[in-house]
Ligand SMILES: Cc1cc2nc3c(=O)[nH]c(=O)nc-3n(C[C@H](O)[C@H](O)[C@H](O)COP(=O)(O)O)c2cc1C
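Only one chain comes next, encoded as structure tokens, the form predicted alone.
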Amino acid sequence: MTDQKHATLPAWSGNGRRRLLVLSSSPRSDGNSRALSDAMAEGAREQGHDAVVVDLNDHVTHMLRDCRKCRSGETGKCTIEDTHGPLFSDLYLSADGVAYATPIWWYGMSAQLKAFIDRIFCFISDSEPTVEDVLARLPKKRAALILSAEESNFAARLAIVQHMSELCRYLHHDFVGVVTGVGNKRGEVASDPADPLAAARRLGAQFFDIAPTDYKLDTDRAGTVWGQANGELPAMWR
């Protein structure tokens, strides 16, 4: 595993129209979550977007702590010795969209992904020196979920989908889709007859064109879904 004090983050190319950050949270850097992540990034790049894939296991090695004990008294910054901070500040905040990729472990997301999300708290706390900038840049992103699962049982993924849905509601992010690949051995999702790699690539390509809908009782809506003038697609779910 990469030395956490020297883990190198990828950088935006600066050439894309929009920026998509894909967070692959399995400790297997050549596993199914990474394969699906790479496919989504490829789809986004094919449409002229800037996309980077990050293996969270190389950058997030500690859980959230008590900020009153580990925040620096001099700088006000988090002192946990991994690269969660640069990942969040340099890539996450500057992304237009984020795809969260995780294996389903014990019917929930990976510990690596949960730790990444938990530690966002460090940056929205009043004791964070840049909290105003963070709160201004954190909302209004797009989000998607990439799941790799050993079992095809649809209910096995519902808790993670609900968690992500509520997280996006809280952060004011548009949740635009879910792709699930079934497999266990490294790369086995390529054998899934539903072809989740193609689905991930397609969702990456459509990531910034999908028009998510969340109707309320009094929402003014057209009588057709597919004939709207803007030509955008509703969110894709599998």
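Note that this is a predicted model, so its numbers are computed, not measured. Residue numbers run from 1 along the displayed sequence.
Just so you know, the form predicted together with this ligand exists too; it's not on screen, but the next bit is about it.
Screening 120-128, 162-170, 91-99, 145-153 for residues having heavy atoms within 4.5 Å of this ligand in the predicted bound form returns a single hit, 145-153. Taking 80, 87, 104, 134 one by one, only a single residue has any non-hydrogen atom within 4.5 Å of this ligand in the predicted bound form, and it is 104.
In the predicted bound form, this ligand sits within 4.5 Å of a heavy atom belonging to residue 28. Contact between residue 184 and this ligand in the predicted bound form is found at the 4.5 Å heavy atom cutoff.
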